[in-house]
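So this first bit is one chain, no partners, the form predicted alone, shown in structure tokens.
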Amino acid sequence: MSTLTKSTFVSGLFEALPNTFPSLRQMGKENFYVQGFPSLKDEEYKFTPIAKKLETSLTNFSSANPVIISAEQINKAVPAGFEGVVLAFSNGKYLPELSTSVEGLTVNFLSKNESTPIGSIAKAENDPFIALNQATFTDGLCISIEKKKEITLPILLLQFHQAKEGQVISPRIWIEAGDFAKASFIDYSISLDDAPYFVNKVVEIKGGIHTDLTYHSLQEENNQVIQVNALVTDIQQDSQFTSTQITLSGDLVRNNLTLNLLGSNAVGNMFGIYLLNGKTHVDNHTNVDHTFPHAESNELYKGILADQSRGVFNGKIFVRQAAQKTNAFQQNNNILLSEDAIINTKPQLEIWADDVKCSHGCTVGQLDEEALFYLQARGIDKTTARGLLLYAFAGEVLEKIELESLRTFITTKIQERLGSKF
């Protein structure tokens, strides 16, 4: 176990644990002690030196307190044209006085709902960062959707982050949807300054039967932030869950997504875009567990990497022996805009059933010079032509976003990054 784990983190975080969820926190602490921070020798982190990055980049291992957030800041951060529910957070703490609600949606602090089975889906024994969050989150949010309730308005989780250099922010969210419920979430993370800090977030989603849930994650923090995001969900019979992960910035970002398909006719969709420049390092790890027959999973991640950025994609699909008639698709495509940009991609299938339709693949390439020349020959300047081609590449994922205001917002962000309008 590294010096970082034994001394700095223990003295900075574990000595000031909240008094809520005592047994849960103790379990998280014990699991973190056993696992420690992963090193490059760990297969799951062989391309992502997160322990080294934490040790060299952060200096103040203590939990960040909430900062004051104004209504003006919220209004400025909400995407143009957005109409829906806004749940505001400051360094992981829910701000009810600056949030809105809607019929059928119940929102409350986890500390006021200690019977909530947090840790039952995102298990501390499976990942050291889940264990660390479980031990150290100061409070969290419990979101419940009534049975047979369709929340037609999207729910925006607006996460403001600002911390002293080197502090730790540990958001924790539990979402539970009753049978036949439907809802769409947008998890949007924003930095309020340029100081380095560490965000370690865990979101657990428990759906009932015949539920339809969508979870969009948009990460746009400063270029010194280290962030680990864990999203784990149970998908029941006749239900659908869709995840869209958009990563635009950060120093080192690790996105862990786990879908457990726990019933027949369950559908899990996973879409992602990572648009990287500078020295940003983004690692997307996905796990899909097919345990019942007649279930389906669809996965498409696309990356555009410039400068000295680095991307990692590792997607795993498990098809258990009982999961006959499974249909699983996985694809990762990347464009490198620089000779110094690097992508490590590894799509994987592990199949124990014999009556399935499964496919996986990956591509790594550069812009099509012939297509670029074709557009320029028709009077389109090189920058705009380049932007058009890259947008066409990313568009296959963007079109999966049904919420128009969010799709327009993300498209604008991509345009700004590429330096062109199209």
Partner chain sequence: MSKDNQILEDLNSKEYEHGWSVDFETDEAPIGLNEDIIRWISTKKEEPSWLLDWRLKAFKIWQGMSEPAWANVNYPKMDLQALRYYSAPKQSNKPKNINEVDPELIAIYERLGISLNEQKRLQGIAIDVVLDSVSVATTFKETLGKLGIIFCSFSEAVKEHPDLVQKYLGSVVPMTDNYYAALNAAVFSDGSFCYIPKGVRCPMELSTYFRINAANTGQFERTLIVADDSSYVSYLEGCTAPQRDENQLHAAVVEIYAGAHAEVKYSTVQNWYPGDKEGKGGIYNFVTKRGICAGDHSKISWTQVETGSAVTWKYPSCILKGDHSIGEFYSVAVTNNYQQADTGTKMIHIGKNTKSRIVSKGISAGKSQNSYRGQVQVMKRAHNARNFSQCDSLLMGNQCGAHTFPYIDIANPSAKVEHEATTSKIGEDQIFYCNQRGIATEDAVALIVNGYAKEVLNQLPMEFAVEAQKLLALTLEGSVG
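Numbering follows the first chain given and starts at 1. Small disclaimer: the values here were computed from a predicted structure and weren't measured.
Although not depicted, the form predicted together with its partner chain is the subject of the following passage.
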Its partner chain in the predicted complex: contacting segment from 345-353, 112-120, 210-218, 73-81, heavy atom within 4.5 Å:
345-353
The one option of 106, 327, 126, 338 with any heavy atom within 4.5 Å of its partner chain in the predicted complex is 338
Which residue, 383, 359, 56, 65, has a heavy atom that falls within 4.5 Å of its partner chain in the predicted complex?
359
Please state whether every one of the three residues 23, 25 and 165 places a non-hydrogen atom within 4.5 angstroms of its partner chain in the predicted complex.
no
Touches its partner chain in the predicted complex: residue 46 (any heavy atom, 4.5 Å):
yes
Using heavy atoms and a 4.5 Å limit, would one call residue 395 a contact residue for its partner chain in the predicted complex?
no
Give a yes or no for residue 376: in the predicted complex, does one of its heavy atoms lie within 4.5 Å of a heavy atom belonging to its partner chain?
no
4.5 Å heavy atom contact, residue 51 and its partner chain in the predicted complex
no
